[in-house]
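Before any questions on how it binds or moves, here is one chain, the form predicted on its own, in structure tokens.
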């Protein structure tokens, strides 16, 4: 593992949020000021391809990167906030339904977060 790859892996796995490539780049520059964005993107892709980090894609938002510990996500349709949620592991159920093994699954539940619901309750004219 290269020094950049190792540092990017540590940045993603120590973060409590779901970082975009830009945010990873910003954090990496603190340690390696001369690093390029291309290096960050290449190493994020390499780590994702090796299964060492997760890529979380949500339509209309930049990809975000996350640790591989089993968990699912809540996505707010209003503000785009991505939050971890631990739900029942569906692996065994999916294996039975598919008739065998599969690579992985990524469960995203789309909802309106409590903060956005509160804002809408305070200003009903903004509801869609």
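Numbering follows the first chain given and starts at 1. Since the structure is predicted, the reported quantities are computational estimates derived from the model, not experimental observations.
What follows is about the form predicted in complex with a further copy of the same chain, which we do not show.
With the partner removed from view, the residue among 31, 87, 38, 79 that has a non-hydrogen atom within 4.5 Å of a further copy of the same chain in the predicted complex turns out to be 87. Using a 4.5 angstroms limit between non-hydrogen atoms, residue 63 touches a further copy of the same chain in the predicted complex.
Not displayed here, a further copy of the same chain is approached by residue 112 to within 4.5 Å at the level of heavy atoms in the predicted complex.
The closest non-hydrogen atom of residue 69 lies beyond 4.5 Å of a further copy of the same chain in the predicted complex. Residue contact with a further copy of the same chain in the predicted complex: residue 14 places no heavy atom within 4.5 Å of it.
Contact annotation for 51-70: residues with any non-hydrogen atom within 4.5 angstroms of a further copy of the same chain in the predicted complex are 55, 56, 57, 58, 59, 60, 63, listed in sequence order.
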